[in-house]
Structures are given as C-alpha cells and as structure tokens.
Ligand code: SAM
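Below sits a lone chain in structure tokens, taken as the form predicted alone.
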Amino acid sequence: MIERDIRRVLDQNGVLPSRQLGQNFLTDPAVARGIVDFLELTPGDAVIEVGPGTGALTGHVAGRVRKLILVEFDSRLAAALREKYQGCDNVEVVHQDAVDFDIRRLFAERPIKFLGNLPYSSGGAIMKNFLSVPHPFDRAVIMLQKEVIDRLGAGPGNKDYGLLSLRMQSAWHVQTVMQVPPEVFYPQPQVDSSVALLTRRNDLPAFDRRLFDELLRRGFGQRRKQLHKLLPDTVSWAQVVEELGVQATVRAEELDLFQWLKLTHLFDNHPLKEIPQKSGEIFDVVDENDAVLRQATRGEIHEKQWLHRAIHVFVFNKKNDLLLQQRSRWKDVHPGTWDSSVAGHLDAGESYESCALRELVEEMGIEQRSLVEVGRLPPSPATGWEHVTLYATRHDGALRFPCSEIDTVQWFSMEIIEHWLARDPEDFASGFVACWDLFRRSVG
C-alpha cells in the first residue's frame, strides 16, 4: 500500500492517526515486503501480526501461510481488516490491546512466527507479553524506534547496553536487519525506526530465569555502583570474582550475557540446581504385576527397558488450568517436550504417594499433604516401561523449580491442551499423553 491508499482507508473509516496510540503507517511496499521476507515464511506456518493498521505488512503475508492472526487495537481499523478478509477462513482479526492478549492459545498453532510494526508508546509492554519465556515462537520480526532496537542488541561497553538488552538476549538472538527512515511513514514520526530479526536461542546453559531477572534489576538499578554493593551477600564476592574472571570493582554493565548466567548459577541455592538425574540412582525393578524383583541403577533400567515405577501429578489452579512443565533439553528422555506438572521415578522401597509428595516439593516447591489418585497405567512404550500412578491436586501459590530439570512452566486451559495435543502430539512427552488420556477418561 502506498500513502494514497492508506489515506483513503483511514478516511473511509474515520481514523485520524493518533500520536498517543503510536499510529504511524508504513507507506513503502518495497520496505514492507523486505520486512516480511525476514520471517522466511512457509505454507505450514501460522503468523500473528500485532498492529496491522491498514495492512501494509499483512498484504505480504496473507495467502502464503496456514493461518494469520491480526491483533489490532483500533476498533475501526479492526473492522476494516475484518471486512477485507471476510472471505478468508484462515485469517482471524482480533480487536484487542496486544498487551492483554493471552498468548497461551498460540502454543497450539505451532509452528508460529511473530510480526509487528509495534507502536512506540507500548512496544516494550507488547514485547514483554509476546516474546518473554515461555512463548511459542521460533522467529520474530519487529519494527520499533531505532533507539529501542539498538538497546535490544547492545553488548557490554555500549551505552545502550542494559536490563532490556540482557532480558531479550537471554531468550533470543537479536540482529538489526534494516533501518527505516521517517519518510516512509504516514504521518512521519520524529525518529528513525529499525527492524530486528529475533531467532530463538538454544545455546545457553540451564539457568533460573526468575533469579536472573532479580539480579539484573539489582545490578542495573544503580548502574554506576560497583556490583558487589548491590547484590545479596549470600555468596563470597571473592568466589564471584574468581569464577567470572573480573575485577572486584566490576559494574553491571561490564558483564556479558554468559557472565550474568554464571553469576546467576552462583547465587542459585536450589538443592537440585546441578543436573540431578544420575545414571547410578537405584530403583526397584518390578514385574508386570508391579511386584519387586530386585534393584538396579537408573541407567541399566532404561538401557535394558526393565519394568519400573513412576508417578505423574496434575496440578490445577483455581481457574481449573493445568500446570505443564517444559522438560530441560538436558534430560535423558523426551528433552524439550511438555510434560505433566510433576513426574518422577520411585526410589527403591518408596511408595507411590510418598514419591508424588516428594516430587511436588523438589520439582515445583509445592508443599502438599494429600493427593487424589486419578488412576494407574500399566507399563508400555508410551510410559517408558513404567507402572505409573497419576495423582491430581490444587495449588494457587508460588512455584520454584530446578532449572536443571525444567526449562519453564505454564498454566494452560483444558481446551488449549486438547487442541494442541490433536495438532502436535510430538510436542509432548509420551508419558504425559498417556496420563492425559487416563485423566480424560476418569472425568468423563
């Protein structure tokens, strides 16, 4: 769309561009096409575009992907887009503030990519909602004012480097791919814009994201102060200096991402912060009737596919959402997949219920006194040759999980999980799928 077309659409819908809403509409078709090209679209993709406005970017996406979701704040522009694409069953227009959009439904749309010419006034809040872990995207292309994009990709020694840089880079590889001058917008903004390509990171060690963010906020809260004056005194600063290879007077802005991750690991006091699964753990080997035959190591049991015991726990909140965990990519079985709220093996001589109560504490920091037994599953390839007892419980408090075992957690509605499982069962650990089927049968 060129400027004449955009003016006509705005006039027809009674829209006077609002500076408060950050309404600056892209008028150069070549720039729009170039921005969309960075998504590397395939016919199997879904795309969510935030702030489509008059559809300058949308026109280069529609018809090329499996599904397109448009989230527009302005009711008049949303109505115009809905009318324009009313004959397209795979285009959905959502009239909503993107800051409040519930992204959990998008996990069931994977593979999905994010596109946004984000309003300057709320770009930060939109990025936090859509692009913070956990999220379903492998690739995102965003346009914002140049100074913000510069901050996203900045490194130590750069004046733009700070809290926003590290938060974004802990989840994404950030690459500035285009500079966009004010002249290609209507109305023209007062600043230059840039486009950033974001690709999901899979090259970082396991770390506690909550603690990482807490330390960042402390360190950059008074960025000119020496870091040791701002952080807790729970770890010897001499040890920090030695581990990071820095001066004792180091400031927050002098540490790179990997040093911040090492710092986070040093301050992490979770008892299972190291990789907890050990091939030498001792479990009971059982027969098809769940009678104990002997004991063996975890490694030997898994290698020889001997029958053994495990529990799964489904944790629900007051909204009846189910907590799922995404397994660490360091796990020896089903790495990176989504799994039950809590799952684990019984130690030798341990009861099913005692194991479930222990795993709730160890994996999620949930102190629970009683559980409801949902049912039992016999050993099978799906359960990893485990006799499984499934329990359910309710929890509405805080969660604390070991980053060595669990990458992230999220509450999902039953409807989202049902739809997601139907579309992409390979996103889930097979033991969870078997437990889900058992749970659905038990509740009718």
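Numbering starts at 1 and runs along the sequence shown. A quick note: this is a predicted structure, and the numbers were derived from the prediction, not measured.
Form predicted together with the ligand: not shown, discussed below.
Q. Could you tell me if P119 has a non-hydrogen atom within 4.5 Å of the ligand in the predicted bound form?
A. Contact with the ligand, yes.
(Q) Taking any heavy atom pair closer than or equal to 4.5 Å as contact, tell me whether L421 reaches the ligand in the predicted bound form. (A) Outside the cut-off, so no.
Q) Using heavy atoms and a 4.5 Å limit, would one call Y352 a contact residue for the ligand in the predicted bound form? A) Y352: no, not in contact with the ligand in the predicted bound form.
Q.
Just checking whether I417 would be counted as a contact of the ligand in the predicted bound form - the rule being heavy atoms within 4.5 angstroms.
A. It does not: once the ligand is placed as it appears in the predicted bound form, I417 has no heavy atom within 4.5 Å of it.
(Q) Going by heavy atom distances of 4.5 angstroms or less, which of L261, V195, L77, V148 would be at the interface with the ligand in the predicted bound form? (A) Flagged contact: L77.
Q.
Which is the contacting stretch out of 386-394, 39-47, 22-30, 401-409, given heavy atoms within 4.5 Å of the ligand in the predicted bound form?
A. Careful reading of the contacts points to 22-30.
Q) Can you tell me which residues in 64-89 come within 4.5 angstroms of the ligand in the predicted bound form, by heavy atoms? A) If the 4.5 Å heavy-atom criterion is applied to the ligand in the predicted bound form, 64-89 yields V71, E72, F73, D74, L77.
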